[in-house]
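Consider the single chain below, provided in structure tokens and representing the form predicted on its own.
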């Protein structure tokens, strides 16, 4: 069977997501909710109608076989998957398209590509699954470079070695999430890292962007699973020693985790694995009333500090719960889940439910009993939220077709500052949405929780004006980002920095650290070809 064709302008595969009839229904619902007009979906572009700038580069003969000038490849590698990217792609604007797309088959070809790009003054853009929502895979603007080459790691997609006794595996960086789990499944193992982009993102991309997975506590960030890595830089190969832990100076692994393709191209890594869970317990609790979300937040804090370590601890405010179908809009919803490959989970769930009920949460008697199952729960509020979570990127494409602004931003803050911080961020973002769009919805949920603070994730849906969507988005985004930084939060908890978060990141990072990062860049990438403008300027 042939592989599904990926959209060159938006998220996922062609033909997937809301149908034409469903899109019309969504448009009617939003028009009624926001009092908006002209939400009729506009069809997306066809690749035959897209105009691309002429390629400025020609690869040397030795690399010709792995390089493509095809319009579909160039258009599909122009952008990531942020709102700004989808709007430009839907409009048929592919002006920043890379001149070439390279598909190296091994590490030697990665090194050869970097050698050529350095000599030719060509920007080299590492590309995993292209799921960046922060402008992390876009070629630099202007004429400072002779051209741009998108280096797609998709052919480096195998699990090379499994160490069952240590529960670890050596894995190539270009493997997509489903393919990785498919290769681990026969061994009874899992990486257990499931970001929302799981279907269309890669191991190397997760490491390079310090990805956060779906699970809410304990091992949530990809660097928690990283045992060692191997990366190709313009100066040569760096390979760290494989160890369960080490106190030998600053970690080379941590240097590349979060480097966003600016220091080198990660080609493989040894990753810590886990046995596949077979015991699961899940429960949903309602926190009704106007103060339900903050009451739920206090419960989440107590659960996170009790040492229970739930796999899922997702708090949705009333708007978020209504949008996802988890509730009717009259209550915040807390979804708590536990899983194990070793033992039943009733004692942990009983204590979590006790804490939640003491804090005002409502759950039916008998909720959360352990089930012996290899599959995640799909029923009730938890199932509704899970379905909405996985379908949201497809829905955003549909909203762009309707001229609707749909944006998310996330952060992290300590518990002592959370309530005031949340109020300020909601007020600033709601004010910007009202001022710029005339109305709309701002909602919040917790994606991850720690003993010392939560990671709030904010969603914006608002009517836009066709032809002005990017300007409207930029104004709302700037107001929200300013509120995050001024309130003491991080500009990003798991979405990475890219180009979109650079202004906030430049304010957040210490100046001397910025100098040290630039020095590392000069040492590893003397010609400054790797992902210019992401994290730091060339």
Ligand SMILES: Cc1cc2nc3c(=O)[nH]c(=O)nc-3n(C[C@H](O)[C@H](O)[C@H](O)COP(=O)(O)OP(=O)(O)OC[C@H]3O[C@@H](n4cnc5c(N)ncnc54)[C@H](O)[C@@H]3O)c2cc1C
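Residue numbers count along the first chain shown, from 1. Here the structure is a predicted model, which means the values were calculated and not measured.
Absent from the display: the form predicted together with this ligand. The rest refers to it.
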Mind telling me which stretch in 130-138, 92-100, 181-189, 361-369 gets its heavy atoms within 4.5 Å of this ligand in the predicted bound form? 130-138
None of 456, 104, 296, 204 but one has a heavy atom within 4.5 Å of this ligand in the predicted bound form; the exception is 204
This ligand in the predicted bound form has a heavy atom of only one listed residue within 4.5 Å, and of 76, 126, 464, 310 that residue is 126
Do residue 153 and this ligand share at least one heavy atom pair within 4.5 Å in the predicted bound form? yes
I'd like to know whether residue 195 contacts this ligand in the predicted bound form, with contact meaning heavy atoms within 4.5 angstroms. yes
With the partner left out here, check for me: in the predicted bound form, does some heavy atom of residue 337 sit within 4.5 Å of this ligand? no
Taking the shortest heavy atom distance, is residue 211 within 4.5 Å of this ligand in the predicted bound form? yes
Those residues of 261-278 with a non-hydrogen atom no more than 4.5 Å from this ligand in the predicted bound form are 261, 264, 265, 266
